[in-house]
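Have a look below at one chain only, the form predicted on its own, in structure tokens format.
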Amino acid sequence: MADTTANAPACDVDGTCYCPLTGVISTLSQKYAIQLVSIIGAHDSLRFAEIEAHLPTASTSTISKRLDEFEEAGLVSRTQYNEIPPRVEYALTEDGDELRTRLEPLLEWAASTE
């Protein structure tokens, strides 16, 4: 049954919901998303290989895809240095750092239930 309350999220004809959490939940529900936010946030910046070392069970393509998604969402910045060999570093943006701060209580709660 459809929600008919005054505060129900507005949905388009195709069923797309414009609830503010939709994008956040979609982004964070991806594999390794929360771990990546935590790992990158625990450092000033990290190179790709350093991120991989923190997630040994994650494939290179999955990490790369998440980083691209985070960059597009404005959560991670990617800095490429014109050096040989090439160097790329990833860091949380202000929004990414705010997200990490807001995730900390959830992660603490999850750790206490283990």
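Residues carry their position along the shown sequence, with the first being 1. Source: prediction; values computed, not measured.
Quick note: we don't show the form predicted together with the DNA, though the next part is all about it.
Colleague: So in the predicted bound form, is the DNA close enough to G74 to count as touching (4.5 Å, heavy atoms)?
Modeller: Although the DNA is absent here, G74 would stay clear of it in the predicted bound form, with no heavy atoms inside 4.5 Å.
Colleague: R78 versus the DNA, in the predicted bound form: is there a non-hydrogen atom within 4.5 Å?
Modeller: Residue-level check for R78: yes, a contact with the DNA.
Colleague: Tell me, yes or no, whether I39 is in contact with the DNA in the predicted bound form, where a contact means a heavy atom of each within 4.5 Å.
Modeller: Residue-level check for I39: no, no contact with the DNA.
Colleague: Is A49 one of the residues lying within 4.5 Å of the DNA in the predicted bound form, judged by heavy atom distances?
Modeller: Yes.
Colleague: If we check the DNA in the predicted bound form, which of the residues in 45 to 68 reach within 4.5 angstroms of it by a non-hydrogen atom?
Modeller: Counting only heavy atoms within 4.5 Å of the DNA in the predicted bound form, the contacting residues of 45 to 68 are R47, F48, A49, T57, A58, S59, T60, S61, T62, S64, K65, R66, D68.
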